[in-house]
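One chain follows as structure tokens, the form predicted alone.
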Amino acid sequence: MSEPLDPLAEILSSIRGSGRRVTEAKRRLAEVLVATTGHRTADELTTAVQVLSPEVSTSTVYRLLDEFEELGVVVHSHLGHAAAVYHLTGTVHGHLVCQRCEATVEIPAAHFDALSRELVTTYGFMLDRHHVAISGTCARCRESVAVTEHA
């Protein structure tokens, strides 16, 4: 039984397996994605890549993110009105986004099971759980509003 590859090696293997070359820019973006926790915008990822390789342009990072998504390495999500964010493919999850403080909480995709079934049954619509974001108000912001109202 072989040992599982580390995440960086898996990404590079996916690139090679698709018949594509592993360029310096691809390697750097892969390194940044593996080192990143949470969700990052393309601009944030570009900044981190450029720390390692200043010659990598913003347009290259955007193009590589599209390529990585096509390969199933990353997924993007739209969390409210902000720019799309990216993260490594992994456990499918949804997002709760606070409209006041913009905090984002990842929640297990299982919370959307009943909704997903109903959407298919009623509308023939298949929910893409990687892109689910529900907006509302987090507990901390609700508490601050309640304190302000009672003051």
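The shown structure was predicted, so the numbers you read here are calculated from the model rather than taken from an experiment. One-based numbering along the sequence shown.
One more form of this protein exists, namely the form predicted together with the DNA; it is left out here, but the text below deals with it.
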property	result
Residue among Thr89, Thr36, Ser57, Thr47 with a heavy atom within 4.5 Å of the DNA in the model of the complex	Ser57
Option touching the DNA, based on a heavy atom within 4.5 Å in the model of the complex, out of Cys101, Ala83, Leu52, Val105	Ala83
Close approach of Ala25 to the DNA in the model of the complex, 4.5 Å, heavy atom	yes
4.5 Å heavy atom contact, Ala30 to the DNA in the model of the complex	no
is_contact(His111, the DNA) in the model of the complex, heavy atom dist at most 4.5 Å	no
Ala42 within 4.5 Å of the DNA in the model of the complex, heavy atoms	yes
